[in-house]
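This document opens with one chain alone, in structure tokens, the form predicted on its own.
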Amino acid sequence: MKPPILTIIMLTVISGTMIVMTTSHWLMVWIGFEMNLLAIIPILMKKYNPRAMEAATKYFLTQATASMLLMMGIIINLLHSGQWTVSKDLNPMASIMMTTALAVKLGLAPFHFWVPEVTQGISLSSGLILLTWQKIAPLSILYQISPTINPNLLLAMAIMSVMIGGWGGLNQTQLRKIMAYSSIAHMGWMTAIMMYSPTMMILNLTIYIIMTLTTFMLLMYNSTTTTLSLSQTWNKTPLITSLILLLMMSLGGLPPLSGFIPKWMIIQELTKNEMIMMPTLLAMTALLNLYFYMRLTYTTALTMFPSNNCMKMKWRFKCTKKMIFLPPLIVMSTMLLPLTPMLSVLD
């Protein structure tokens, strides 16, 4: 794709999301989503092949259905309230329809089927945009309508997402699918806390985006898409193997690392609200995620795969890919835990 065209398309994607985040008119919200959707399709098909075509078609169909549902909810709300303003008092029926539409857009269970398929079919850079930037707009609308959402619906979707995000990734060897299931699980954590503390959801989203961005950048640096190709990195870039170990542990939410902050905060908030079963279930299903991250670190950093003499040649070549901001991103995605006391300003 030519740079000017790519720039225009990326600007449309960004402005679509920005419109959704900043507007207070339901029609503009819908227009923002549509702009974003139409501009992301060529990005998904950047490297044209039949799989990317299929992935983009699946993505388009699910998102278009979600947009239709969202519009239906907006119209029902308009008929009941007579206004287009994004406000806190939604009609219950409209609220359920909008929540469902946004869940389809985010890939929350039981509408998660498209996420692993689409992520697997596209390139790593497109997958990065799909799993980070594309989550911002729907979550910002959920944040705005959070007081009127049906709590049972949201919590049911949250638990299902965390469970499916854990179970789905267990048997995978494709890194993009593993990242997709990890994304579904993280979305589950975010929706679990949405009812009680929407600001905590934004904290979780920020840390999730930082960690996913760093992981994808390391995978793009090595051009790895399977566990097997990842297992050869010790020979090529030894430092990156140890970084991937740290990052995977952070994504799994292990204590001294950044990924522990949102999990800790969410469990604390839920227990404050006298929910015991919910955080227990979330913490137990998070172990499934931790298991498949552990498996990745085991093949990457904890075992030295046998290599033939040709492999040693990889030492001779310098990597020409420039990954800007990689060092600060790695620091942020592993070492933010000491800053946790500063979060008291969120309350």
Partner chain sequence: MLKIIIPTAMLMPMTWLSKPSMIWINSTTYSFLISLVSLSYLNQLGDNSLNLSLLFFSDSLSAPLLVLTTWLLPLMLMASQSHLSKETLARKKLYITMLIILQLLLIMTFTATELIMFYILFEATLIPTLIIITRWGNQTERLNAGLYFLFYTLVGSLPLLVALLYIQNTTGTLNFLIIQYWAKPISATWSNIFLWLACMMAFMVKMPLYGLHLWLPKAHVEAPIAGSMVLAAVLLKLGGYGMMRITILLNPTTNQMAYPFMMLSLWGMIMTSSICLRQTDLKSLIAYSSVSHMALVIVAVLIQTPWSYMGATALMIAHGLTSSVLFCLANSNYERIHSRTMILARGLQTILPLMAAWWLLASLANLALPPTINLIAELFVVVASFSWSNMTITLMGTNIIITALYTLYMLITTQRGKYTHHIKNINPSFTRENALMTLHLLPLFLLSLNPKIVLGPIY
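Positions refer to the first chain, counted from 1. Just so you know, these numbers come straight off a predicted model, no measurement behind them.
One more form of this protein exists, namely the form predicted in complex with the partner chain; it is left out here, but the text below deals with it.
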Checking a candidate spot here: are 22, 28 and 72 all in contact with the partner chain in the predicted complex (at least one heavy atom each within 4.5 Å)? no
Classify residue 18 as contacting or not contacting the partner chain in the predicted complex by the rule of any non-hydrogen atom within 4.5 angstroms, answering yes or no. no
Within 4.5 Å, heavy atoms only: does residue 280 come near the partner chain in the predicted complex? yes
Quick one: is residue 305 in contact with the partner chain in the predicted complex, heavy atoms, 4.5 Å cut-off? no
Would residue 276 show up as a contact with the partner chain in the predicted complex if we use heavy atoms at 4.5 Å? yes
Would you mind picking the one in 147, 198, 255, 92 that has a heavy atom within 4.5 Å of the partner chain in the predicted complex? 255
Checked 68, 41, 284, 61 for heavy atoms within 4.5 Å of the partner chain in the predicted complex; positive is 284
For the interface check, one of 73-81, 257-265, 93-101, 171-179 should have non-hydrogen atoms within 4.5 Å of the partner chain in the predicted complex; which one? 257-265
For the heavy atom contacts within 4.5 Å of the partner chain in the predicted complex, list the residues of 231-254 involved, in sequence order. 245, 249, 254
